[in-house]
Ligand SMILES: Cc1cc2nc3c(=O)[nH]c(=O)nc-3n(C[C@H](O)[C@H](O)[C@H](O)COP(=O)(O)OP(=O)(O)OC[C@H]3O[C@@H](n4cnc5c(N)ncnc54)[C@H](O)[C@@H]3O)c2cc1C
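The chain that follows stands alone, in the form predicted alone, written as structure tokens.
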């Protein structure tokens, strides 16, 4: 992590910031910038906040960043989610391959928390004034000059800001307007997922269940509050989407036809309209995230496969680092340059390892650590230590 000058500036380098996207990244960034006295406005295309999203794993690096931005918020999330201590790996017949006890808290000072995306969004939104979050604002582009940015919305008035932050995900309109890349890159992994009120019988002994099959796997995760997140992914070089909700549910149950009933039961208990189906995608790393008065953050900047559960966690790192750069730079140009220097190399590495990890799930040797060379295991340990040991340096 690049060091940021420690002399704090008394006046913000920007007065008004517009953030597109009210997901965890946009909300966390708004919290961080508001604490500096910056006027932040968030624009979200959804018409309302409603139960949505999947279960997320919040790792020590992400929790450290959140704690630095909003002290005490991790304790709130602990009561909203589930602290993972015991995990189990099973085959599709329900036979146990191995059990594990997590060591995150002992090794890194923070636990592994699993939380519903929607509950995380609610906790973050509660830290902000409700009148700065503007729903039903679908960004369709922007114009900028040396003096500011004008952001355009479908069916709504344009707004002006000193800086635009694109926190609008893998299909970011802000990124597409900047770089015109087109559609994201499908990496060969198809996904079905949902969050429902459900208590799996194995949750009496484990907080996270991982089931590995032939070119297919499933997570069943306790995300707190009586909610269960299930996620099933399958290796499919070419993908097609189902025509309707009933077809989605029928399709995933067919994919799990040979699986133990305890794994199928959670899918059978899920209403068809609550099952999300979609391809796992990423994008090539960018050499820069900013142009003029516009920059990117989170999945808009570095969308990655979910294999390492680092999408949200690296987004929280982004939010912290961007706020620090604003606080300790003399100009906007300097701040955005420092932000990119502190983030691009790290996220590029994590993106690459996440894509590799996603395909590793489909490797037949995945369930047999004895077949993995010792050096590779050591490299994995070193890599995980590098990822999870990230701690923000709070400058004074």
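Numbering follows the first chain given and starts at 1. Values in this document were obtained by computation on a predicted structure and should not be read as measured data.
Not pictured, yet referred to below: the form predicted together with this ligand.
- If you check this ligand in the model of the complex, you find a heavy atom from every one of 22, 139 and 191 within 4.5 Å.
- Residues placing heavy atoms within 4.5 Å of this ligand in the model of the complex fall in a single listed stretch, namely 48-56, out of 48-56, 65-73, 327-335, 343-351.
- This chain is drawn without this ligand; in the model of the complex, the residue among 133, 173, 84, 77 with a heavy atom within 4.5 Å of it is 173.
- A heavy atom within 4.5 Å of this ligand in the model of the complex is found for exactly one of 212, 231, 123, 128: 231.
- Contact check for residue 184: no non-hydrogen atom falls within 4.5 Å of this ligand in the model of the complex.
- Interface membership of residue 309, defined by any non-hydrogen atom within 4.5 Å of this ligand in the model of the complex, is confirmed.
- Contact check for residue 169: a heavy atom falls within 4.5 Å of this ligand in the model of the complex.
- This ligand in the model of the complex comes within 4.5 Å of a heavy atom belonging to residue 43.
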